[in-house]
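Below, in structure tokens: the form predicted alone, a single chain.
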Amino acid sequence: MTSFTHVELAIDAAVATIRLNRPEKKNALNPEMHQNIHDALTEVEHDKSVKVVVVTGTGDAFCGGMDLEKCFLEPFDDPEQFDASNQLAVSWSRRLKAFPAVTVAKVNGWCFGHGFQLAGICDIVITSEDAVFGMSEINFGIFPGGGTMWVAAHNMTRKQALYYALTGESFSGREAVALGMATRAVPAAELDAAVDAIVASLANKNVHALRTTKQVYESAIDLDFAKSIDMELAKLYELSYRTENEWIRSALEQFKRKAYRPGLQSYSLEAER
């Protein structure tokens, strides 16, 4: 466990957990917290064994968004400080969006503003059914920014994204699944167990295959079908080289022997020994 001022980092074998720890402020992000997240991501990057990163919050909130006083009001009269504070926030968001490990948001409560963005850029979002999501920026005269509108536009339909951005209405974790902002919603009492089960499944998979799957997805969404096929074949050859054709030598050989069933289970390297 590494404790920064407002963030706790725990690395257990293939799984890293980043916990926002400012519960008295609904885990709202201040400049020091932004730096803490950068530092935590750097430490995780240095540990090559990490396959999955879980991001969650302490108390009854995932993240209440930006600390408006610390990030906007206090530095407002100093343009350089104001810009530096905001650049610090968006830079760790860029890092997390492109992070090589699989990212899982465990949304345990309030999820607003930059917290809404944080959940939205993660690969998988598991939320408690009674968590509260929202883009409330319109209620104090601005629009969702800093990547938050991008998240709404890329996870929700146009009609839904604009409705919630324009009205500032909130929605529950259960509703977040139907809206595209969450992968799965479970009762709050089952949240830890649900995330643990998904993380255990991910941690058992080939690290290169996990990372390449993310890369292929991000490329595919910007390509037409023919170009995507070419890209996917190229990445398959690259993956085969990196893993010394493990999927052929181990997975397909086990399939041939009926040692595992695709779609129902994963192949095991142990079965080869």
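The numbering used is simple: start at 1 and walk along the sequence shown. Small disclaimer: the values here were computed from a predicted structure and weren't measured.
Keep in mind that the form predicted in complex with coenzyme A (COA) is not shown, yet the notes after this line are about it.
Mind telling me which stretch in 154-162, 186-194, 106-114, 83-91 gets its heavy atoms within 4.5 Å of coenzyme A (COA) in the predicted bound form?
Contact-bearing stretch, as computed: 106-114.
Looking at 52, 66, 33, 40 here, can you tell me which has any non-hydrogen atom within 4.5 angstroms of coenzyme A (COA) in the predicted bound form?
Looking at 52, 66, 33, 40 one by one, just 66 meets the 4.5 Å heavy-atom criterion.
Using a 4.5 Å heavy atom cut-off, state whether residue 25 contacts coenzyme A (COA) in the predicted bound form.
Within the cut-off, so yes.
Using heavy atoms and a 4.5 Å limit, would one call residue 136 a contact residue for coenzyme A (COA) in the predicted bound form?
Flag for residue 136 set to yes.
Is residue 140 close enough to coenzyme A (COA) in the predicted bound form to count, meaning some heavy atom within 4.5 Å?
Residue 140: yes, in contact with coenzyme A (COA) in the predicted bound form.
Which residues, if any, of 186-221 lie within 4.5 Å of coenzyme A (COA) in the predicted bound form when only heavy atoms count?
Contacting residues: none.
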